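The data below hold one chain only, encoded as structure tokens and taken in the form predicted alone.
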Amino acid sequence: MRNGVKTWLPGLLLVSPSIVLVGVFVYGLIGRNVYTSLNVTRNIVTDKIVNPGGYRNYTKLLGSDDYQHALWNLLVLTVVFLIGTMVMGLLWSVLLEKGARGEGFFRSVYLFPMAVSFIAGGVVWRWLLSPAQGEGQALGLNQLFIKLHLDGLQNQWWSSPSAFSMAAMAMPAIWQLSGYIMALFLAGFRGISDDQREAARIDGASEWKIYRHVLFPQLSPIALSALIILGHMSMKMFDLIYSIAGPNSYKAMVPATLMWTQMFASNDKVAAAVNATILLVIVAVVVVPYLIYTNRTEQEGR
């Protein structure tokens, strides 16, 4: 018995501060947020019920036009962001994985945007994606199109009346994180033995078939990890949208920016807590299955 205690007690004492901190400041605050989201609130002046309490707070928010608009924007942003970042990252990794001349320079260039904060990058992209159009008024990309005599390409970008205007908001995010995905795929390529390529060439496989049937299948775990990372980042994206469109833009509204408005502009803590809980559930739906899959894969590999 004493020997058993001596075996696990030092390890438990070592990790116990982390367990306490995570328990209080992560799960404890999550529990507090869920509790707040179920409260009943009334207007101080009219005594009219603002939030009816319980599950009705969730049905009220989910049924509101603003939240449905925010969820649609989030869907468009996430889809375009995922596809654009994965395609660009994979393309750059394919171009660099054969040890091209100047690889170190180009790798640094591709990775540099990741070192820039979303706020700083957003300030620059706010100018690049300026909706102003026409000679003497256009800025950023629209001004460039005018100088290139491509006036027809001028766009209102994220402020466009189109239902898919949030696709433009994905451009800065793609620019910033494509280099990160490139690094992941490039590490995956470098981890594949050259013997497999040579064996495929001896069998008469073309370069395209080598990538399609030999290399890309082995990158699927990396691709899955990249999708999960990018997916949950897009769902929580706030600072980039805030710096480009501001906190109160209806056109660029997503759940994260709406939460800011609920919490600080409307002073509705319960609605903000409901919003936060819904976001947590959405992220959990994406991340938890991945964690289960990863855990099972590790156990099967032992």
Partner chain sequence: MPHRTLRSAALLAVAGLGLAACATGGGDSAGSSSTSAAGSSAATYTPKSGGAGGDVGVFTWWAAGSEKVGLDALVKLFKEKNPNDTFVNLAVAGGAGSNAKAKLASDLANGNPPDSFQGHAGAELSDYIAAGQIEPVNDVFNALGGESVFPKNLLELITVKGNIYSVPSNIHRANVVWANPKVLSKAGITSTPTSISAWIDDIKKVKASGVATPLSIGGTWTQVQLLENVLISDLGDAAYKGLFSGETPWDGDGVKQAVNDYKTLMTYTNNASDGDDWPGATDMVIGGKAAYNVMGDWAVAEFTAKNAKPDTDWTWFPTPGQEKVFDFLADSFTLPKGAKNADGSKDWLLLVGSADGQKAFNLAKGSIPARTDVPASDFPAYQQAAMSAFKSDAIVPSIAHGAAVSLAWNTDISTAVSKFHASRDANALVTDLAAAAKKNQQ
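What you are looking at is a predicted structure, and each value in this text was computed from that prediction instead of being measured. Positions refer to the first chain, counted from 1.
Here the subject shifts to the form predicted in complex with the partner chain, a form of this protein not shown in this document.
For I244, a non-hydrogen atom is located within 4.5 Å of the partner chain in the predicted complex, even though that partner is not displayed. In the predicted complex, none of the heavy atoms of R42 sits within 4.5 Å of a heavy atom of the partner chain. When contacts are judged by a 4.5 Å heavy atom cut-off, Y55 does not count as touching the partner chain in the predicted complex.
Proximity of S266 to the partner chain in the predicted complex: non-hydrogen atoms within 4.5 Å are present. Proximity to the partner chain in the predicted complex, taken as a non-hydrogen atom within 4.5 angstroms, holds for one residue of M235, L240, M253, A272, which is M253.
Checked against the partner chain in the predicted complex, the candidates P113, P131, G231, G84 yield a single residue with a heavy atom inside 4.5 Å, and that residue is P131. Remark: of stretches 193-201, 155-163, 221-229, 173-181, the one touching the partner chain in the predicted complex is 155-163 (heavy atom within 4.5 Å). For the three residues Y35, P289 and T297, a heavy atom within 4.5 Å of the partner chain turns up in the predicted complex in no case. Contacts to the partner chain in the predicted complex (heavy atom within 4.5 Å) from stretch 170-192: none.
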